[in-house]
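One chain comes next, on its own, written as structure tokens: the form predicted alone.
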């Protein structure tokens, strides 16, 4: 049970805590943080460790599967803060807004929320997009390493520890950190394990690296296009700039 009192923490730190937790939630289809996508409309920190998060999506008919997953993940992520006692996550202006808000804040599963209208639970969909995210992050990382002079024949032998040593710039550190966040998709790993593996956990083949990267890049390019489209639709719909931690709106002590 959370035992830290929010009264013991400066409000600025509380806001940063919530924003950091929200930034760890991604749009499952796009593999981009909900904070970067501009999906967070506002968030409030109320008396007694209560947090209220309002989010929005680019269109009225965005997939209820993805909307539910994002709302659920936001609530779970913020609830993990030691000073938080309760979290409400509210989606606005969506064709299934009532069902999604009721299910997310009631701790219900997707199937419990939508009943016979659902096609089962979302775990299979979640795993599908986690696998895609793993490959997209891996492609971006390998491309960066090759551009910085690494050779494919050497890269396939790198361990996790060797990869961590390659954090020469802020950009490379970012790519490595993001990749390692998804490196457990093919299975658990330790510092001495192979860094660059396929979805089945086997070491990548240097001789087929170019074709491997090209295939992943085509899929990632489509996702990036969809991400740009979502941002444009969101801007046209709400005509506002993305929220940041200094624009947390109605935060109160």
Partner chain sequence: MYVTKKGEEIFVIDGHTHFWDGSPANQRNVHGKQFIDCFFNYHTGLSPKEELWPKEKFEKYSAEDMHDDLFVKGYVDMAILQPTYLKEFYVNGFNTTEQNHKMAEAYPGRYICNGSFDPREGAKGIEYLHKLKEQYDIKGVKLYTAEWRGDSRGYKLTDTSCQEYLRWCEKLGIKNVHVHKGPTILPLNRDAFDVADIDDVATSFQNLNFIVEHCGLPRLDDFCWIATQETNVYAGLAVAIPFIHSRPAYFAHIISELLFWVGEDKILFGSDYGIWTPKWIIDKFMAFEMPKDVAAETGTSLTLESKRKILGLNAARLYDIDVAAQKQKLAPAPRQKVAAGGGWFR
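Positions refer to the first chain, counted from 1. All values derive from a computational prediction rather than experimental measurement.
FYI, the form predicted in complex with its partner chain isn't displayed, but the following is about it.
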| property | result |
| --- | --- |
| Among 158-166, 76-84, 94-102, 173-181, the region lying within 4.5 Å of its partner chain in the model of the complex by heavy atom distance | 94-102 |
| Close approach of residue 49 to its partner chain in the model of the complex, 4.5 Å, heavy atom | no |
| Touches its partner chain in the model of the complex: residue 125 (any heavy atom, 4.5 Å) | yes |
| Partner contact for residue 107 in the model of the complex: its partner chain, 4.5 angstroms, heavy atom | no |
| Heavy atom of residue 154 within 4.5 Å of its partner chain in the model of the complex | no |
| Those residues of 83-120 which, in the model of the complex, come within 4.5 Å of its partner chain by heavy atom | 93, 95, 96, 110, 114, 117, 118, 119, 120 |
